[in-house]
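A single chain, nothing else alongside it, follows as structure tokens in the form predicted alone.
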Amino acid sequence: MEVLFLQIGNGLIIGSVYALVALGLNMIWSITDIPDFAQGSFYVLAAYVGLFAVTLAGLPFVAALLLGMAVGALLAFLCERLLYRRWRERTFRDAARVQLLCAIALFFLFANVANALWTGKPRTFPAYMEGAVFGFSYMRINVLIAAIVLFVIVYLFIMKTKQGKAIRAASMDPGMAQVLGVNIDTVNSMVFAIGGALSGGAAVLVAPLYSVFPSMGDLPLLKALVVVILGGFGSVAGVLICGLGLGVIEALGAMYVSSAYQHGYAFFILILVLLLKPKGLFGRV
């Protein structure tokens, strides 16, 4: 039972990282119709920024976390403003396809920039806290707590603020929202910035548990895509539940079935859900 408890806890911790990245991706995808693969590269760059903030600048971990979130938000905002918006404003048939290709290109471009600047050698992120409780280090527990806090903040922002109402309106019907006075350009910039901040925050939170390297964003991005589809477009609760659930399934599958298939369980579940419930477990088509 103790081992089972530890595996479930580890699954919830890594699942919270999937959920954080997926939340921003879900908001972007449901409003702009762009599966923003570049979020994976913002994840990597934010992790390096957090690492250098701690090791070179000597900043505390909380400051490094906020800095990583700010860098992720800024990069995402600039990509939307300077690239994606240009093709959206040009009303031609393949605009969506060009945006998708641009997102994929940005993902590989930033990953190669990170590799050129800092090589592929993994770098250790200094531990910022010692001690453990119930077999979990305080750093691991902090990942789960911080993820839940960020989810609550985003949820309250979406549900309680004027900007959040605009985001919900654009998510339901962008055309009608624009007719009613919602500035779609502002909404798009806002959700990209939120998505980048969440990806950056997830990266800095998880970096002390593992290491920092140029391809560290690959798996979180793929798992986040799975979580978005499983949870359903526009569903904050669905993303959280499916992210945490996916982490637990991977942890238990690695323990009781085989660790060789640990990263394959997500895609098996994805195919199953798409066959039985194409709109996702909690969202809309």
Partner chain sequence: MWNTNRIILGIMLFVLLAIPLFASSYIVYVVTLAMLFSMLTASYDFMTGFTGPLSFSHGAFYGIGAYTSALLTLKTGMSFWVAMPVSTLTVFVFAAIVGYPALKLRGHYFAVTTFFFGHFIYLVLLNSRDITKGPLGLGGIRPPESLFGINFGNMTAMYYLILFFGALMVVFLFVLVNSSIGKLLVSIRENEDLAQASGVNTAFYKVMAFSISSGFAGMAGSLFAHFFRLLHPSTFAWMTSEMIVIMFLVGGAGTLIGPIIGAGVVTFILELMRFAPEWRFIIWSILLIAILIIEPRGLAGLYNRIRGRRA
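Please read these numbers as outputs of a predicted model, since none were measured by experiment. Positions refer to the first chain, counted from 1.
The same protein also exists as the form predicted in complex with its partner chain; that form is not shown, yet it is the one meant from here on.
Q: Look at the candidate spot formed by F61, V71 and A237 and say whether its partner chain comes within 4.5 Å of a heavy atom in all three of them in the predicted bound form.
A: No residue of the spot touches its partner chain in the predicted bound form.
Q. Counting only non-hydrogen atoms and a 4.5 angstroms cut-off, does F52 reach its partner chain in the predicted bound form?
A. Judged by the heavy-atom cut-off of 4.5 Å, F52 is well away from its partner chain in the predicted bound form.
Q | Heavy atom of F108 within 4.5 Å of its partner chain in the predicted bound form | A | Contact check for F108: yes, within 4.5 Å of its partner chain in the predicted bound form.
Q. Taking heavy atoms only, is C102 within 4.5 angstroms of its partner chain in the predicted bound form?
A. Yes - in the predicted bound form, heavy atoms of C102 and its partner chain come within 4.5 Å of each other.
Q) Quick one: does P35 come within 4.5 Å of its partner chain in the predicted bound form, counting heavy atoms only? A) Yes, P35 sits close enough to its partner chain in the predicted bound form that at least one of its heavy atoms falls within 4.5 Å.
Q: Would you mind picking out the stretch of 27 to 35, 237 to 245, 61 to 69, 44 to 52 that comes within 4.5 angstroms of its partner chain in the predicted bound form, counting non-hydrogen atoms?
A: The contacting stretch here is 27 to 35.
Q: Just give me the single entry in I145, A116, L78, I153 that has a non-hydrogen atom within 4.5 angstroms of its partner chain in the predicted bound form.
A: Flagged contact: A116.
Q. Going through 256 to 271 from first to last, which residues have a non-hydrogen atom within 4.5 Å of its partner chain in the predicted bound form?
A. Residues within 4.5 Å: A260, Y261, H263, G264, A266, F267, F268, L270, I271.
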